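Shown below, as structure tokens, is a lone chain in the form predicted on its own; questions about how it binds or moves come after it.
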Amino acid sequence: MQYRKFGKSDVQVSALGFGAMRFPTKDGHIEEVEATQMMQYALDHGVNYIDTAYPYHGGESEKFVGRFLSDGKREKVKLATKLPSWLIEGATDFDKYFEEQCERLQTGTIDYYLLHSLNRNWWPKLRDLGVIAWAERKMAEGRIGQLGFSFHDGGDAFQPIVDGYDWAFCQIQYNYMDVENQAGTAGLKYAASKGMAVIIMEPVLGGSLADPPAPVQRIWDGAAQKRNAVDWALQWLWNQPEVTMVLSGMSSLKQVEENVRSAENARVNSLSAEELAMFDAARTTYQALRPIPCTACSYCMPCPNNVNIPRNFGIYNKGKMYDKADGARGEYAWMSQELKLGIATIDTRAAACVECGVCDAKCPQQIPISSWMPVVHQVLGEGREYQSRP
């Protein structure tokens, strides 16, 4: 196992972290025998960082991790969990959820505590409720080791959050396809320039990059160094000096074994120029598989009926590019869930389109947007087959 310095601290963390959100399940619950084997193998092979969160596995993840660590393993790992930002209604909720999490995890101290899934809405809310002063008190009491945040929003929302506090670390979605999505490469470099440790989540885009289509697989097959698609994706991340750790949400013992082997080669600047060029080729090849040539320029916005046109197109395209229709449908369904959680105040799905045509004339790619929107909803919202044209 390779180790890297954690931000400004002297702590060394494993290049591979264990993400406790995709354990194998049986009848809707964590399959604890295999999950225990997975975590034990990871610890035995040098993984020293476990990341969980309040909602993972419907609340079961923290409880399971707590049971796993309770027999003397707690002092062997750095434990991270996250404040459920969307559930916070008042300042008293900070202690409420923190103490519940400590009880679940059977510990009095959280080494790395994150404000979960910060975005342009939740960060100001938590900030104004006094979350920083609260967290600093907990750090002074020795209950929290270091404070950070995880992030899910557009790149323009990332820097203001980074600049809003002297964070120890952040956790971002990043992979060779997401170089301009969410925090992106610019966000990675900006956070690292502030001395923050940067932890990577979704290194293979929720599994989307693990089983590439034939045109992408041919790129990997042409390399002198033979690796599977997951190993290539991981090495691309570890190659970058700004990356502190890559989290993997593993679902089987085989995945743990493979990722541990990959982490043995987790070195900075280890990829050649020719190998780096393959990632550019893979990205271009994936993008060519998009049925809708949307560049997310947002010239079509705002929509008079509040449809987030680039986001709907992006979800539709991902389902086709990665042959993951079910994942795209789940992401589309999440957009309606955002209303219930207060993340959004209006329905921005394609379902809200009335085909007024205002957007069509604005698109520099000449996409017939108003014709595509009903198709997007039919495929993602109603489960119909994918279409390559409206």
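Position 1 is the first residue in the sequence shown; the rest follow in order. Everything numeric in this text was worked out from a predicted model, so none of it was measured.
Heads up, the form predicted together with a small molecule isn't pictured, but that's what we're talking about next.
In the model of the complex, the small molecule lies farther than 4.5 Å from every heavy atom of Leu147. Using a 4.5 Å cutoff between non-hydrogen atoms, Tyr322 does not count as a contact of the small molecule in the model of the complex.
Looking at Ala20, you'd find a heavy atom of it within 4.5 angstroms of the small molecule in the model of the complex. In the model of the complex, the small molecule sits within 4.5 Å of a heavy atom of Val204. Leu247 is the sole member of Val131, Leu247, Met177, Leu188 with a non-hydrogen atom lying within 4.5 angstroms of the small molecule in the model of the complex.
Shown without its partner, this chain lists Asn181, Gln255, Asn119, Asn265 as candidates; in the model of the complex, only Gln255 has a non-hydrogen atom within 4.5 angstroms of the small molecule. Stretch 207 to 215 is the answer when you ask which of 207 to 215, 87 to 95, 137 to 145, 154 to 162 has residues with heavy atoms within 4.5 Å of the small molecule in the model of the complex.
Here the marked residues Phe6, Thr81 and Ser193 all miss the small molecule in the model of the complex; none has a heavy atom within 4.5 angstroms.
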